[in-house]
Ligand code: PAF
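First, one chain by itself in structure tokens, the form predicted on its own.
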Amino acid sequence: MRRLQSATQMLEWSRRERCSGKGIAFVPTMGALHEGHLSLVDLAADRASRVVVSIFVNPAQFGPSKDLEQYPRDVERDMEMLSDRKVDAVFVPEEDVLYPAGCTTLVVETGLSEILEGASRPGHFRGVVTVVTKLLLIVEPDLLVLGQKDAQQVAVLRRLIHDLKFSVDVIVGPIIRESGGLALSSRNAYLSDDERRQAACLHESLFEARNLVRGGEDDAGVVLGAMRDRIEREPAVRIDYVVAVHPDTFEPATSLEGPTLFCVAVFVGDTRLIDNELVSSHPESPDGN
């Protein structure tokens, strides 16, 4: 497993591997790795002969708060975790590699980026789209491996790849959860034991939605109301949004007959968490999680 830090090193390595006929799968991360990230690494290894992981805490996707400063960083721990997986190269650039002095160019998606996460976190998707564009140009992968937990981000990046004609396919790995149902996230480290217990209401609200829809409920308002009722039982939890949307366009669901993506975002104490589940009214259909 090679550790690469410059854009030139990364690009030269990638082109050598591709010239020798090796397909490359790429897993972008901000470090603070957990089993959710590692499941994406394993998925990448199943789909390509070479796996690249990036570790970069992207300052452009954080708002004007202490969140960037507080974001957990331990590159050596992350490298050790990756050494147990089939990873061929780890790209660990310094900030000035991706954002050199005087850099004023940004990449902006102006549709999907404006709602839900985009509305709650202004500038977030601009930062995501910009850094992923840079990473795709530097790594030149055949496959981009993303996680379903960030469902809107997946949709935004699919739009980026489609609109800018990147020659890369997207693979989405399922949400990995703790035993209590909480979706794995680097931000879970901020939760106290009591907050972690209360945060289970996110998954439980999605479970409630799945049961209602599969039981024949087709009124989105009824299902969303039940989800809110479950979340609001927890005193430390404050709802940002609870929605039902089309899984590709993220437009509000007008019917629950087809696949519907239920998305939740809440604050548990000071920690913001998101979760989602793709639900079909037909029990035999996969729900994506």
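Everything numeric in this text was worked out from a predicted model, so none of it was measured. One rule holds for the numbers: they count along the sequence shown, beginning at 1.
Unshown form predicted together with pantoate (PAF); subsequent notes refer to it.
Exactly one listed residue, out of 150, 88, 142, 195, brings a non-hydrogen atom to within 4.5 Å of pantoate (PAF) in the model of the complex: 150. Checked against pantoate (PAF) in the model of the complex, the residues 213, 128, 199, 206 give one hit for a heavy atom within 4.5 Å, which is 128.
Every residue in the set 30, 58 and 61 has a non-hydrogen atom no more than 4.5 Å from pantoate (PAF) in the model of the complex.
Only one of 106-114, 128-136, 166-174, 213-221 places residue heavy atoms within 4.5 angstroms of pantoate (PAF) in the model of the complex, namely 128-136.
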